[in-house]
Every structure is written in C-alpha cells, then in structure tokens.
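This document opens with one chain alone, in structure tokens, the form predicted on its own.
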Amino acid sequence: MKRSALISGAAVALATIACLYLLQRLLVPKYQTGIVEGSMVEEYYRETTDHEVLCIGDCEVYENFSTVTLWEEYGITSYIRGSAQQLAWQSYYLLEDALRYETPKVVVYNVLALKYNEPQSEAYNRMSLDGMRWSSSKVKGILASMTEEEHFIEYVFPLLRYHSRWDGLASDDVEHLFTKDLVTHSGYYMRVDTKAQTGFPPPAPLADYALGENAMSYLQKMTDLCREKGIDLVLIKAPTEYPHWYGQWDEQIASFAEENSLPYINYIPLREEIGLDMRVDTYDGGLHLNTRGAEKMARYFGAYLKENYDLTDYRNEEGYASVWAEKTAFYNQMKQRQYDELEQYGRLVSFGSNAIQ
C-alpha cells in the first residue's frame, strides 16, 4: 500500500508540474507580432556559427546596422545582442553571457543608454532578461535591473508574474507554445517603410550633465572584460539625433575612451559622409534608420572595421557561406514581403511573423 501510495503521489506531482509548465508556456508573452523586441535576446542561442563582431546595446544598434550587408559587402560575421532600452549593466551581462559561447575579435557598444543610471522599467527589463539562458550572468543581470516593485522569484517562475494574462491571450500564444519564428536577422530588426525626419523639440537643459557612476562603472567593466579576453572594444554613438545626445555626454565618453585607449566614434556629425538622407532613410521620423539607412550605415561602418581590425572575409569558406546564404535569403524574403505589404495595405501588417523555425 505504501509503495502504491508513493507511486500515485509521484504521478499526481508530475502531472501537476506538467500542467503548471504548460500553463506557464501559454501565459508568457511570445513577442512574435507587434512588439517583437522581447524575442531578440533568446534568438542568439539559435546561432550555429561564431561571430567576429558582436554588437551590444539598445535600439540604436539593432535598428541601425544591417548584419547581412556587413556579410555581403565584407564577409564579416556579426551579431547584434540588442534589446529595447538595454541598460549598461544589461549590456555587460549579455556580453558576459555571450563570451560563454564564443570570443569575437571586436565588440561594439552604443553609448546612448549610459544616460540611465538606475533601473527603469519592468517591461523593458523583461524584454532584455527573460530571453537569457539561466546562468550567473542572468542572475546578476536580474538583480542589477529590478525595480522596487519587482521580485526575483517572478523571473524564476514567470507564471507568478503572468498568471492573470488570460484576457491578453491571442493565437500567437497557442501557435508558438513551443517554437518561435525568427524576428531579426542576426539581431538586426528590419523596417523598410519611410517616414521623413522633420524636426525634434529643442533639448531640455539638465540639472546635472554627469553620466552616473553606476552606468559608467559597467562601461569600465565591459572595457576590462574585453581587455582580459583579448577583444577590441569600439564605442559608438549611432547617427540618429533623438533622444538628444548632449555635448557634455559626448565629452565624457571621449575622455573615457582616451583614458582607456579605446576608439569612440560619434556618427551624428558624419551623416552626410555616410550618405544618410533622413528624408528617406528613417521609418519613424528620425528616431531609427529604416533598412535603406541601415544598409548605408553597415557599408560605412564595415569599411572602418575592415581597415582597423584583422577580420576574416568568410564569403569563400563553405561552412560560413552556406549559413549566411540562408540568412541572406531570409533577409531578402522579409524585405520583399514588407514592400509587398506596404504596396497592398499602406503599412506593415505583421513584420514579426516568419516561418523560419
């Protein structure tokens, strides 16, 4: 009787765990259409080859540089570990996590997020952290990022956070219960539509222009980690002008770069040299580049990378060429579909849904 009771109890426990697991899978947001940024971080783990260039940062990297263009023009293998409002400490822990799998030759960090010195938003935290695989890097990233209202246990068991999401369930939640489609191109987020930049409100004066100690300490940690691993770190400011990048911030980053023997490139004053025309090279009034602009930016930045770093042209190496041929085909397929949607509907309908498993 005791053995029978133990077996029955174990069966009930396993069934309960299985039901809770399925319920959690159902209720956790899938980020496959609409706000697809929540899928970006986890896509990195689906890569099958390594990368000589790894970019980290917020939307100013994942929307402004075409990884496929870097490949087509220069044979550079690259990946963008970007996420929405990726804070400096999140970038550091995502970099630390990536170095568990590969050691790139160059790491590129976009500096805009250094204006944030404290945790900002649970919604953005989730889009940067939920997709990470569990490791000490994820644990430390969560602890560094949580707002006062958040609880670590809800990251461990997302069901505790999303248990009331029943009224938000959609077909995506069932269709993508166990598998997700790719929404980026090696981390690059594609938008082909156009909305011209017409102007931005004048920047508000700040009470204090000093970048915060917490954010800058993580920039130092990135610098030290790259140096320890023999990786070249490149600091950049993307060419988009809003949110405003204050001259005082620019001076602080330039000083940091000089003190640490790092290159720092602010691309805002180089837009004409790059060939950017913000009447046609942005999809949202100048906040981010569209695909036309991101391809221009990749050609310009790729030339800098090839000139200054010992990067391999992998286009004639079969293992890489076959992988990137598939990536290029997917890129062109999505680009054409987005153009077709614009022609048919006057807008993009579902740029997150792609049947690539």
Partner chain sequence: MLFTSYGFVAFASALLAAYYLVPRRWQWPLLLAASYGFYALADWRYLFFLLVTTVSAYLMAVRLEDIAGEQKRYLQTHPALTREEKRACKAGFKARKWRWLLACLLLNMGILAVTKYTNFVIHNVNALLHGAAHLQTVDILVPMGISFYTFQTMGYVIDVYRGKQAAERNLFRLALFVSFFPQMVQGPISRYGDLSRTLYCGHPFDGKAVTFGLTRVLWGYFKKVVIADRIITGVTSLIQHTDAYTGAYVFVAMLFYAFELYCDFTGGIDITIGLAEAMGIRVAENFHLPYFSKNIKEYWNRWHITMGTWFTDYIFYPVSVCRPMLKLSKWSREHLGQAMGKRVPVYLSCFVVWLTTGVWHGAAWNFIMWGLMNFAVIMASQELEPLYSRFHARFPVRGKAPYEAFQIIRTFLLMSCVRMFDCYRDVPLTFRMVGTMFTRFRFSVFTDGSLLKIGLSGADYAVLLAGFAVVLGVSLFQARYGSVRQALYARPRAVSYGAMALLLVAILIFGAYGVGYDSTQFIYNQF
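Small disclaimer: the values here were computed from a predicted structure and weren't measured. Residue numbers count along the first chain shown, from 1.
Separately, the form predicted in complex with the partner chain exists; it is not shown, and the next lines address it.
Put simply, of T198, S164, S261, S255 only one has a heavy atom within 4.5 Å of the partner chain in the model of the complex, and it is S164.
The listed set A204, A210, V174, I153 contains one residue whose heavy atoms approach the partner chain in the model of the complex to within 4.5 Å, identified as I153. Heavy atoms within 4.5 Å of the partner chain in the model of the complex belong, among the stretches 183-191, 138-146, 156-164, 241-249, to residues of 156-164. Here the marked residues G9, T16 and L20 all reach the partner chain in the model of the complex, each with a heavy atom within 4.5 angstroms. Looking at D277, you'd find every heavy atom of it more than 4.5 angstroms from the partner chain in the model of the complex. Shown alone here, V36 lies farther than 4.5 Å from the partner chain in the model of the complex, counting heavy atoms only. Among residues of the shown chain, D284 is not one whose heavy atoms approach the partner chain to within 4.5 Å in the model of the complex. Contact check for L27: a heavy atom falls within 4.5 Å of the partner chain in the model of the complex.
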